[in-house]
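Given as structure tokens, the chain that follows is alone and in the form predicted on its own.
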Amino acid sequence: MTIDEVLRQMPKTELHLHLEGAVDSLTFAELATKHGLELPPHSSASDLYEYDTLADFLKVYSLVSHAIRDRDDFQRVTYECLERCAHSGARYVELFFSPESHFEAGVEYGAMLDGVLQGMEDAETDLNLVSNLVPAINRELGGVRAVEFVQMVADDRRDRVIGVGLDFNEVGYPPEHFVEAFRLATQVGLCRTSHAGEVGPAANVRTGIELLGCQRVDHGYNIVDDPVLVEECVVSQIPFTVCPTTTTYTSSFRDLADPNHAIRQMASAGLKLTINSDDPPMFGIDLAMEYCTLYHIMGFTPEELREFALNGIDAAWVDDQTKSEWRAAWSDEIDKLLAQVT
């Protein structure tokens, strides 16, 4: 087997994946037509996914969100997303989604959940892929709305809804605005994570951990500017969900081959990293391709990739018994796969 074949088959988690960012361009175009939405000029559906900055990307993300409007839409995009995850070797997925983006189109939260959770159940039945859901706060709507959002999640708690995230543009919306929302999340038993240090400073990573009580950090690349914080996070082993390809679009680390790329620095320092795809169709990738990128372009060894895959189990929001069982089974499976590389 080639290394690429092994990396595709290798069991993995996917802990940083946005539902709206995981919609195939053709599905986006079909749903937009279904609901009578006007799209930007394009010669093919793939042209719709073109951008160079985080701000440009978020505009497209918003358009995609507006095209997902009914229960069937949510079921479809969730199932298609998880199907692609399974094709990349994912065995467990924690899926972000952005309810606020759908409220703008008049969709009720309960209807979103009904569709997404049906897609998850169908994927578990058909693909043997376990998944859970993480509704994400739109930080651009401010701290007061964030508290209301967490209360909404708590009031309609379903078994697969296990935590909350904090995303959209960091600039101008630092973590300290969301202390009350995350305090409420802790009180109602929701796990917590936050996008931090992607375009914002290392201080946002510290604030997310110390003030928001985050159990993971999403992205976190600019932590490399604060060696003291790096060492503290090495000691605590708080996980970072890094997404290689999107760094070349939305962060200042645009050259994956650069030995000083943030992900390389973070790994070399001993931070606990998990590998994720973020918004895969929007960047022409999938999870397995991200592992191949780490190997072929960034120079990580198969042994390091094995460690990243197992880190995903440690970072997952599942019980300790499940983690122990997965680690034993996956370790054995990965070792057997790596032994077949020719």
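Predicted, not measured: the structure shown is a model, and the values here were computed from it. Note that residue numbering begins at 1 and tracks the sequence as displayed.
Form predicted together with a small molecule: not shown, discussed below.
- Just one of F57, F308, F300, F28 comes within 4.5 Å of the small molecule in the predicted complex, counting any heavy atom, and that one is F57.
- Of the residues N222, T207, S101, T246, just one reaches the small molecule in the predicted complex with a heavy atom at 4.5 Å or closer; this is T246.
- The small molecule is not drawn, but in the predicted complex it has a heavy atom within 4.5 Å of F168.
- At a distance threshold of 4.5 angstroms between non-hydrogen atoms, E290 is out of contact with the small molecule in the predicted complex.
- Contact annotation for E94: none of its heavy atoms lies within 4.5 Å of the small molecule in the predicted complex.
- Taking the partner from elsewhere, Y49 is found to have every heavy atom lying beyond 4.5 Å of the small molecule in the predicted complex.
- Contact with the small molecule in the predicted complex, defined as any heavy atom within 4.5 Å, is confined among 271-279, 65-73, 32-40, 300-308 to 271-279.
- Taken together, Y61, H195 and E198 are fully in contact with the small molecule in the predicted complex: each brings a heavy atom within 4.5 Å.
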